[in-house]
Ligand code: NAI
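Coming up is one lone chain in structure tokens, specifically the form predicted alone.
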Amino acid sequence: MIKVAFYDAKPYDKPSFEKYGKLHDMQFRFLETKLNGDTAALSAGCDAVCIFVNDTANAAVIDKLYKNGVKLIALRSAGYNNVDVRAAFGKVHVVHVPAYSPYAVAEHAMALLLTSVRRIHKAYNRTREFNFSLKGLTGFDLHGKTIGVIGTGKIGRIFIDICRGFGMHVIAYDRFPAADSGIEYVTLDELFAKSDVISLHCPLTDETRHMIDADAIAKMKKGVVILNTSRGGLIDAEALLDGIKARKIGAACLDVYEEEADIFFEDRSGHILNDDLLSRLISMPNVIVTSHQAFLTEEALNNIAETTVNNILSYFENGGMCDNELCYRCGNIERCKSERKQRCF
């Protein structure tokens, strides 16, 4: 039986993972705590750990997992910026879920955009108090507007299709443009200058961290709407707040936040929020924040569990080979998958 320490477990995680675990004689040890240097010891006796976006798998944590005999880190997410893949090389293998439901994230991004530009959240709060005034609820048509999409992977391309359905003009930026996609690619500076709406759908790397900063915002149109359903670190939150206060940014729709690790996914309603920056952002009338829920659909949860369990099985039953492994050996992390013919180490 394969034993897995499942960190940062939530009630909505357990049913699907228990279902697929029983099918494949896999035992999950569900832990409410997040993985970090203090909790890595809880993996003792397990073959693998299963972690999510706000767990920490830095070099020190990986060393502790390795000493505990853990052979595999199974991310139940597509992003892996919280794992030091370089430090893991030669010690612990790392796998992820490259696509669980790109529709879930893309649809949530559009839901945020529509909610913001049509003031639906404000109207909802008003009518619950029997206030049916339309004052201050004027929005704008999406039809004919230019949307700049940064990152044209599966989620980005699905989001582009949705935007086209609204009659929007789509331009995009990606370091690795999708061939024969019919997407109009432009430089990042051109995207900033031309877009009425900007939506982020790229991974967080050293190159993309704070790609939306004060300099980038200065290049944007006055009144631009910024969407982020990818990773919080893509945006310099201080610069974002300054742009909002200067009336340069017309609205911000955020499903992620740079310092979310100790805040999101928990009920903080009975506590004073110590993050002043997030408090100020939430207080802004043109900011919508959701708590990293873009992935949260029944379909996505099922696909995450199925793929994660299959990743674990593939590694332990296929001689250490898994198609969804993140490997540092060739330096390409994900891009060597199609050419991989042997174990990374």
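Only a predicted model underlies this, so the values are computations on that prediction, with no experimental measurement involved. Quick note: we count residues from 1 along the sequence shown, nothing fancier.
What comes next is about the form predicted together with the ligand, which does not appear here.
Per the 4.5 Å heavy atom criterion, the ligand in the model of the complex is contacted by stretch 202-210, the sole one of 85-93, 216-224, 162-170, 202-210. Proximity to the ligand in the model of the complex, defined as a heavy atom within 4.5 Å, singles out one entry of Lys71, Arg119, Lys154, Arg126, which is Lys154. Proximity to the ligand in the model of the complex, defined as a heavy atom within 4.5 Å, holds among Lys64, Arg29, His292, Lys34 only for His292. In the model of the complex, Asp174 approaches the ligand with a heavy atom inside 4.5 Å. Within this chain, Asp255 lines the site of the ligand in the model of the complex, having a heavy atom no more than 4.5 Å away. Not displayed here, the ligand is kept clear of Phe192 by more than 4.5 Å at the level of heavy atoms in the model of the complex.
The ligand is not drawn, but in the model of the complex it has no heavy atom within 4.5 Å of Gly250. Contacts between stretch 225-245 and the ligand, counted in the model of the complex as any heavy atom lying within 4.5 Å, involve Thr229, Ser230, Arg231, listed in sequence order.
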